[in-house]
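Only one chain is given next, in structure tokens, and it is the form predicted alone.
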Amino acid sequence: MDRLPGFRDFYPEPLPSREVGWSADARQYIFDKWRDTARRYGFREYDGPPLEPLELYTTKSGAEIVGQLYNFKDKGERDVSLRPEMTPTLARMVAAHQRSYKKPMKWFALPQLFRYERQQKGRLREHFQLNADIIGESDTAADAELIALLIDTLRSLGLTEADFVLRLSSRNAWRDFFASHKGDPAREYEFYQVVDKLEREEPGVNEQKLQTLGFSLVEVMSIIESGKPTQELETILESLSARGLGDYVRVDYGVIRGLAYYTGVVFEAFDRKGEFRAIAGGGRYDNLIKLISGGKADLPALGFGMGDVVLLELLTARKLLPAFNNALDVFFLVEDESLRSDSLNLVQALRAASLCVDFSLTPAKPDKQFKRAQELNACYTIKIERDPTEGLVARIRNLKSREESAASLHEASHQMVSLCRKPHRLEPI
């Protein structure tokens, strides 16, 4: 029996037969980088339920989104859906308890998300995502802070300005353009959707769609090709340059973000070679909390999402995933079954000291146990022996240097903690 289409199995380590490094090791490596960088920026982690009322998503995106959801009636006859994105949940949570928190609120989450759509390169029916949001701050300093977090998150994974670029744009600039050309206000979002797909459609198709809205492709391309930053974008660029991050960003009005709820600055991160879908994207959504709360709460907000699917594809292609080395600190050899209880006592003491320790659960020949220690990439082996004069003694062996030493059982625990704190293991960095 195989897994469902568009879903992934996460084996402990990347399998050699897989083109992309889907694995629990790789996933945890990315999660650690996401969490570490967000916390360094002062963001706090939150989470919400993976199952939400269907109305939460139709309120935000309209009834047309239902075709992309894993939705059903639960046993209480409620219309529910697996979460396809995290922002509506965040808006609901903030609207309910925003008075309990000082502003601005800097929050992040690592949800698993689900969408029922055609799977393709860079897009599956489930994925994990870093969501980072700032709530309660309207100044462009918040936009710069969030973009800096996105850039530093990618840098923490070994990506440089030669690998990715953040394309910065503004819904405000497009809104001014639309109004100055006397566009129909009722069709403004339809216009944004056309601009969002310019790079994916043929010029003739784009021209035809724009003409029905009262625009020409030449007019639209003129603002994109100008690349002249508005005052709000200029302020953000100055802030990023002051941080030494200016080389990672360029103004590109071809980015507009297709979702209706964006209200101001928007951005997307892409690999420089153009081989993959967007790595991350986001922007300002100042009206969403008000919409979700039915007007009971009204807070400016902005955020981005960074999915693990494209990110893992990119890191694999650039050979930036580390060689995951789940090395044991100690493999305990139980060669004398009469000493198993004493061995288990020391095993437990070492584990209590936060060392990674394993042993043969059942009686086995010494050579078989030693082979298992090597298979598990153990740094040390320990075995307890009877000494005619000293009683029970722990024999410690460094499997790399082959050096051996002996210690009392009490001393062995302290000695192993000291040895295993030295940088003898190859670990992901």
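One rule holds for the numbers: they count along the sequence shown, beginning at 1. Only a predicted model underlies this, so the values are computations on that prediction, with no experimental measurement involved.
Only in words, not in the display: the form predicted together with another copy of the chain, which the text now covers.
Asker: Which residue among 30, 69, 378, 396 has a heavy atom within 4.5 angstroms of another copy of the chain in the predicted complex?
Answerer: So the residue touching another copy of the chain in the predicted complex, by this definition, is 69.
Asker: Which residue among 359, 215, 178, 164 has a heavy atom within 4.5 angstroms of another copy of the chain in the predicted complex?
Answerer: It is 359 that has a heavy atom within 4.5 Å of the partner.
Asker: Indicate whether another copy of the chain has at least one heavy atom within 4.5 Å of a heavy atom of residue 13 in the predicted complex.
Answerer: Yes.
Asker: Determine whether any heavy atom of residue 62 comes within 4.5 Å of a heavy atom of another copy of the chain in the predicted complex, and answer yes or no.
Answerer: No.
Asker: Tell me, yes or no, whether residue 348 is in contact with another copy of the chain in the predicted complex, where a contact means a heavy atom of each within 4.5 Å.
Answerer: Residue 348: yes, in contact with another copy of the chain in the predicted complex.
Asker: Contact between residue 47 and another copy of the chain in the predicted complex at 4.5 Å, heavy atoms?
Answerer: Answer yes; at least one heavy atom of residue 47 falls within 4.5 Å of another copy of the chain in the predicted complex.
Asker: Only one of 205-213, 238-246, 252-260, 307-315 gets a heavy atom within 4.5 Å of another copy of the chain in the predicted complex; which is it?
Answerer: So the stretch in question is 238-246.
Asker: Every residue in 333, 370 and 390 with a non-hydrogen atom within 4.5 Å of another copy of the chain in the predicted complex?
Answerer: None of them does, since no heavy atom lies within 4.5 Å of the partner.
Asker: Within 136-152, which residues have a heavy atom closer than or equal to 4.5 Å from another copy of the chain in the predicted complex?
Answerer: Contacting residues: 137, 139, 141, 142, 145, 152.
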